[in-house]
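Taking the form predicted on its own, here's one chain by itself in structure tokens.
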Amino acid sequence: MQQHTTVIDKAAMALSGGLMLLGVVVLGLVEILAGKPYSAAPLTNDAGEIIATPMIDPTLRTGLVLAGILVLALYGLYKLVAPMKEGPATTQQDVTAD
């Protein structure tokens, strides 16, 4: 069975992959380049005052990754309900054994 990627296939793969890469890799590199703290939670001192916060909100990064996963889930549902294209009709010939 031969499969060809359609425009919808390519768009879903590009969008979901782009969102997840942006949320994990790109914003992770931005966090590293911004310097410490590398934690997702704000750092506090002994008095409970916030002394440092991450540059990119972890909620934003999580939202981008979840949006990428949602795009993949919607794409999977589309592939389940979309009718399959039939390929060229093949005929079978009966062959007798000698």
Partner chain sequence: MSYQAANPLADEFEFELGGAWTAYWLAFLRVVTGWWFFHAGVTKLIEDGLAYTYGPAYLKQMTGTALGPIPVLMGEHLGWLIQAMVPLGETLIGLGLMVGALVRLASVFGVFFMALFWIGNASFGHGLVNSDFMGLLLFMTMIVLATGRYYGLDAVIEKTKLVKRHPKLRYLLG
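This is a predicted model, so every value here is computed, not measured. Numbering follows the first chain given and starts at 1.
Omitted here: the form predicted in complex with its partner chain. The next part is about that form.
Q: With heavy atoms only and a cut-off of 4.5 Å, decide whether residue 10 touches its partner chain in the model of the complex.
A: Residue 10: no contact with its partner chain in the model of the complex.
Q: Contact with its partner chain in the model of the complex for residue 44, defined as at least one heavy atom pair within 4.5 Å: yes or no?
A: Residue 44: no contact with its partner chain in the model of the complex.
Q: Can residue 69 be called a contact residue for its partner chain in the model of the complex at 4.5 Å between heavy atoms?
A: Residue 69: contacts its partner chain in the model of the complex.
Q: At the 4.5 Å heavy atom threshold, is residue 37 in contact with its partner chain in the model of the complex?
A: No, no contact at 4.5 Å.
Q: Does any residue in 49 to 68 get within 4.5 Å of its partner chain in the model of the complex, counting heavy atoms only, and if so which ones?
A: 58, 59, 61, 62, 63, 65, 66, in sequence order.
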